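As a starting point, one isolated chain is supplied in structure tokens, in the form predicted on its own.
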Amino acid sequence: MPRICVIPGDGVGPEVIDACLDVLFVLDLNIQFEKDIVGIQEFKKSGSYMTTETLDSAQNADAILFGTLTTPSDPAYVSPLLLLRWNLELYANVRPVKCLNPEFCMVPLDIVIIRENTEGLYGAVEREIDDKIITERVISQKACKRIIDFAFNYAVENNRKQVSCIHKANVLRASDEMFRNMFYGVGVNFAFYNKIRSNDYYVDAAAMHLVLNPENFDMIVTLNLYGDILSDEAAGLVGGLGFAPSANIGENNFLFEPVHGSAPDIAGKGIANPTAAILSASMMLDHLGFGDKADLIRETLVDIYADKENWTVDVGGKCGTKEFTSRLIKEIENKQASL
């Protein structure tokens, strides 16, 4: 029986993860769920934002279902999410972005953004010299090759036909040029054997084309910071971060989480959109071998959003977290009964 380490986190995290678990429970899955606490709640309890016991629990789980975190004004704070990414070597951040209803999407996107997850500016060292701050980032051949291989293999496994490399090699002529050159070096074999096309864009041009020419993209592979920014832009084009799921993939560990933050301004109000968390759980089910259940969730979400009466608050609807979840569950149960 797979064991899932459930970490709701802060802010709206517990609300959307509870909704997510309610959906998973009606699917009659042979899965064991165990909750752990990180973030501000854990700090108040133990003085640590994440204990070694929680890290061990996450490391030994078959998957981690993660909520959201609030970043406190504590100079000693280190994000538990970043600690998990680094300690568990969750090197690939997979962010699918798909329009569920053209009526609230600005652009009819259906793309997957693959983001390198362990290096770049998120692991940068900053130092102060006189009146200057110097930031040093690391981009290694190993990490570049690993994420590029992952992206092309993902394309093969998911019937994607093109991978676009996003970089800023015209300015960062050593690191980003290395990334681009390695991309085309790998892409040659996949073009020959798998008929997958390769192309590349500067990151600023890619941001523009996502809006003006979304048909240019099928999959994107990119470095850490660029992937974070572009995936938020892409989410905004299909209704907002409430529709943006993600997976953090390593060799032995796997973490699934909504892209959005803890949204403290709406926490406790019951209006957070649980869709991103539910879609993240669908990605988790794919990973665990329950692809039919994952497809059922995704198909039912499309059906639910086809009716404006079911729209969530963030796209102009009236459904709060619990009401939307109950309507989704009812529709899933109806579909299961008819099978």
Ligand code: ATP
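These figures come from a predicted structure and were not determined experimentally. Residue indices: 1-based, along the sequence shown.
Just so you know, the form predicted in complex with adenosine-5'-triphosphate (ATP) exists too; it's not on screen, but the next bit is about it.
- Only one listed stretch (254-262, 194-202, 116-124, 142-150) carries heavy atoms within 4.5 Å of adenosine-5'-triphosphate (ATP) in the predicted complex, and that stretch is 254-262.
- Although the partner is absent here, L225 lies well away from adenosine-5'-triphosphate (ATP) in the predicted complex, with no heavy atom inside 4.5 Å.
- The closest non-hydrogen atom of L69 lies within 4.5 Å of adenosine-5'-triphosphate (ATP) in the predicted complex.
- The shortest heavy atom separation between M219 and adenosine-5'-triphosphate (ATP) in the predicted complex exceeds 4.5 Å.
- Residue contact check for L241: one or more of its heavy atoms lie within 4.5 Å of adenosine-5'-triphosphate (ATP) in the predicted complex.
- The listed set D36, D314, E42, D286 contains one residue whose heavy atoms approach adenosine-5'-triphosphate (ATP) in the predicted complex to within 4.5 Å, identified as D314.
- Proximity to adenosine-5'-triphosphate (ATP) in the predicted complex, defined as a heavy atom within 4.5 Å, singles out one entry of I266, M178, V94, C99, which is I266.
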